[in-house]
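A lone chain, given as structure tokens: the form predicted on its own.
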């Protein structure tokens, strides 16, 4: 199966006359197979947006960078062919304030070579899927922040790209819209679109992504299947919450936020020990594997 995206040792260095060169991306390699929803994770300043800029052709990679290919087309040497296969929703919201929603989308569909006879139906279908059909004739500048975010997604999917990159698409939106965007991502993926999803919300990666790459300080620090990575970092944990936290604790119990955790060696024996020690003070108790949030924190804080 041909890879939807192949990146080989991509690097990007920023230089200025009065500062030391800064390597925003350093020898990053990844390969994403067709049909996946793939997570690209990392804290602010990790290099995610710079990497996306190189993939989209907006940022020129360093000379030592190897191939960057979208379905076999080089974004450096065959940019137009690669561009036709790619849709991208940048993190920054950019709208054309003087135009209506329909005019904005008509213009962008033409930029990507959508035949004029197909533009109207595609525009209406995209807006309907995003709950914006009733805004067709409104000026883009009058839309709320969440609606502008949805308009950005509509612009990116009009030409039916085979690879769609969503850079923090749910940043600043409410819970209902976030769920709607999740469902749209799943629908697009079911229709055959490969999706790269960057996010700070670890729940999104757990809900949507099969595999992921974690980037920190411009370098890949972990990549693989989400479940495999979680399993690698899993500990045998008993988690519990107390009505009264100010009590004498068993050795090995540690406070994590509002909860307490204990690494068990024998679930039945250690669970009974905790129940006996804390008696009627336990509000909730369960055993769990490592959450993606814990994995992410361990990786990015250099504990792993």
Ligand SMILES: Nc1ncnc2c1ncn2[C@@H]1O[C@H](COP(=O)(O)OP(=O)(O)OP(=O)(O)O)[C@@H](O)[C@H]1O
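Given the structure is predicted, the values throughout are model-derived calculations rather than measurements. Positions refer to the first chain, counted from 1.
The form predicted together with the named molecule is left out here; the points below concern that form.
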| said: With the partner left out here, check for me: in the predicted complex, does some heavy atom of residue 200 sit within 4.5 Å of the named molecule? | reply: yes
| message | in the predicted complex, is there a heavy atom of the named molecule that lies within 4.5 Å of any heavy atom of residue 91, even though the partner is absent here? | response | yes
| Using 4.5 Å between non-hydrogen atoms, is residue 66 touching the named molecule in the predicted complex? | no
| query | Using heavy atoms and a 4.5 Å limit, would one call residue 102 a contact residue for the named molecule in the predicted complex? | reply | no
| query | With the partner absent here, would 35, 36 and 39 each sit within 4.5 Å of the named molecule in the predicted complex, counting heavy atoms only? | reply | no
| Only one of 275 to 283, 43 to 51, 257 to 265, 243 to 251 gets a heavy atom within 4.5 Å of the named molecule in the predicted complex; which is it? | 43 to 51
| query | Taking heavy atoms and a 4.5 Å limit, what residues of 8 to 34 are near the named molecule in the predicted complex? | reply | 14, 19, 22, 24
